[in-house]
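The form predicted on its own is given below as one chain in structure tokens.
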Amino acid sequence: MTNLQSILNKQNTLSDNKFFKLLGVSPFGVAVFIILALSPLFIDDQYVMHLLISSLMFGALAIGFDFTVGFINIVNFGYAAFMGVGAYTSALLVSRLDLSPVLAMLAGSILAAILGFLIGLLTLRLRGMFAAIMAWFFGITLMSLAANMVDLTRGHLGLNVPILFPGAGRDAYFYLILGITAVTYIVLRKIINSHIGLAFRAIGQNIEAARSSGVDSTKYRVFNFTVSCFFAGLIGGFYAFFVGVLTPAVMHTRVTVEILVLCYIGGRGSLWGGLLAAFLVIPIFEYLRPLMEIRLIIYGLLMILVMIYYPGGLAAVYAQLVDLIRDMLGMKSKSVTG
């Protein structure tokens, strides 16, 4: 018990360190990142590496999705479409204009952010479910454009994407998505920990009370939506180079549903919970891929069970475990972040 208490005391001291405060992560989160960064040194199976990459990619998408649903209480049902915008833009700029992949991914994320801003202006003046439905409508529209602009996107035939790391194996893709995930989390965590994040929480909890306190709800909601779409586009750019062939299916609502389930299982409003859920759920559902649409039913049932019996998700489980250990050791409870 004494050793455990000393470990927790040391983590508290480290958490107050300026370095960890600057990153917006806990020492535990940094330790997990280091372990992940070293994992390719011990994993030779390329299929396992593929699962790790997929888990990081969907985990990063869940972080961006949670930035919206977890703080301003808007479900962006068109989220996968913005990911698709980033993917198609990156692929086309590299294949048609021979642009650098890095610049192409950045351009794709900027275009996704611009579309997110414009759509946000139109939809986020609406309330809750109406905003979600409008976002879903625009997502379907973007997917239809990708399917019908055959001369540009090749539609359902599939757009071939140049290889990003010829002969480098999966490790290079792993480190790229690991870096993108880390940047996504740190940037969004810094925003959440600022006065902007305080406005997000006020809007998400009670929009009328926030407005009466002088918070410009439309401005902050559009800003949130735009930033979330930017990172969706960035991760979409990575996805394009990772899979090698793009079809409009990447923009389908079922992809958004998968991300939404990860977010809710991980714990809304935690940011890191969806990433943790991805490492648990994605490998399992990868084995269930032959079930096709039945997977969505399983996703839905899993989310319903979590929302009914444990609405706080994995993040709440982690926090309760830490608080339980602290209570057992007679230590003062302290909130836990990823």
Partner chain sequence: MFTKKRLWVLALVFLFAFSLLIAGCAEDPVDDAPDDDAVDADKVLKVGVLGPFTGPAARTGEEFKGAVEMAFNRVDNQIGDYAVEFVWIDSQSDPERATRAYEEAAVRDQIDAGILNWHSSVAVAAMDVAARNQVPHFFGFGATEVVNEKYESDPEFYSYWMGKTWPTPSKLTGAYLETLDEAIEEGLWEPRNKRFAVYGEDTDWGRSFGAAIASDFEAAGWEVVGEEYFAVGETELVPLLYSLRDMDASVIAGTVATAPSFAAFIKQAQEVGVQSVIIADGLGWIGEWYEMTGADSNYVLDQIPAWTTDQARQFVIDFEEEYGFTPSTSGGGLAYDQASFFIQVAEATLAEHGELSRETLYQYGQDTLWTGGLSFTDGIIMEEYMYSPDSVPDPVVGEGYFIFPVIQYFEGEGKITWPAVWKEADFQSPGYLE
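If you superpose the two forms and keep the largest set of C-alpha atoms that fall within 1.5 Å, you have the rigid core. Numbering follows the first chain given and starts at 1. What you see is a predicted model; the values in this text were computed from it and never measured.
We do not show the form predicted together with the partner chain, though everything after this point is about it.
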For the spot marked by Val243, Ile284 and Ile298, is every residue within 4.5 Å of the partner chain in the model of the complex through some heavy atom?
yes
For the chain seen here without its partner, which of 93-101, 179-187, 229-237, 245-253 has a heavy atom within 4.5 Å of the partner chain in the model of the complex?
245-253
Taking heavy atoms and a 4.5 Å cut-off, does Leu288 contact the partner chain in the model of the complex?
yes
With a cut-off of 4.5 Å between heavy atoms, is Phe33 one of the residues that contacts the partner chain in the model of the complex?
no
Do Ser54 and the partner chain come within 4.5 Å of each other in the model of the complex, heavy atoms counted?
yes
Decide whether Ala172 counts as a contact residue for the partner chain in the model of the complex under a heavy atom distance cut-off of 4.5 Å.
no
If you apply a 4.5 angstroms heavy atom cut-off, which residues in 39-63 are near the partner chain in the model of the complex?
Asp45, Gln46, Tyr47, Val48, His50, Leu51, Ser54, Met57, Phe58
Superposing on the rigid core, is the Cα displacement of Ile298 between this form and the one not shown 2 Å or more?
yes
